[in-house]
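One chain comes next, on its own, written out as structure tokens in the form predicted alone.
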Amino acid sequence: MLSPAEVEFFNTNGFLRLEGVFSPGEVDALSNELNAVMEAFGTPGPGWQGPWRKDQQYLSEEEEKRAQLMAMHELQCFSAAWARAVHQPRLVEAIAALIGPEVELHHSTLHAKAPEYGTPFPMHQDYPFYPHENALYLDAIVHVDGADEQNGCLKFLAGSHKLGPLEHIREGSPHLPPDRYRIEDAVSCPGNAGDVVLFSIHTIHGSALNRTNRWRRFVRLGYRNPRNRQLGGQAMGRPGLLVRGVRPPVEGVALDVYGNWTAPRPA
């Protein structure tokens, strides 16, 4: 369970780092199985696109050409270790303290920054990618590797979740105007392997280039209160996995005996 001080910190800043959520043994299993999944199914690419890549605060001209990222979705469908990870008791209880009592897994996504030129992420909210009616949605970033300034740790604009959903530039991947929301104004949030960073779907965040000779692997686990209706985007119309509590009835939304939506989650 979170302490009152941790809840207050999250409510004030819009993010919270939890140390050692996953044990060294759990991290080893997650890392090894993630390596196998990446080798079998992953393909590196240039990562997020858009005019922000020409902004010198993120990438030089040479870095822009060489930057690479590997992304994959729904790791719990590829790995037993990751299927267990989405239920990890300390993680789930911490999330329930902020958005519960029921907690539904919405999605998982790997963000693996390649060595030396691992693609940065411009400042943005996650809301444009899977918008929901309210703030009862958290992203949990699982640190498979340690993260610092050299390999592209998370950076947050503290308190920005209080702004609510913001209009994003839609050319390329959704992002906020780099001249107004600057990565150098953000608070760095380094972490060790096994740590988890929680943040609101409305918290503005980004990360810099990975300049080390090693992969920097994060896995994002998106969790919502099942009463929070999705408005569009990733995994729209797909039931999530209940990891805490019992699914409550929600007006206009129903599941059949096979677990399929019989009515769309309304826009």
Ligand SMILES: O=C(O)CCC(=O)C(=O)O
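Given the structure is predicted, the values throughout are model-derived calculations rather than measurements. Residue numbers here begin at 1 and follow the sequence given.
Below, we refer to the form predicted in complex with the ligand, which is not included among the displayed structures.
Comparing 39 to 47, 227 to 235, 212 to 220, 26 to 34 against the ligand in the predicted bound form, the single stretch with non-hydrogen atoms within 4.5 angstroms of it is 212 to 220. The ligand in the predicted bound form comes within 4.5 Å of a heavy atom belonging to residue 121. Using a 4.5 angstroms threshold between heavy atoms, residue 168 stays clear of the ligand in the predicted bound form. The shortest heavy atom separation between residue 154 and the ligand in the predicted bound form is within 4.5 Å. Taking the partner from elsewhere, residue 105 is found to have every heavy atom lying beyond 4.5 Å of the ligand in the predicted bound form. Checking 141, 75, 91, 138 against the ligand in the predicted bound form, a heavy atom within 4.5 Å turns up for just one residue: 141. Contact annotation for 100 to 126: residues with any non-hydrogen atom within 4.5 angstroms of the ligand in the predicted bound form are 111, 113, 121, 124, 126, listed in sequence order.
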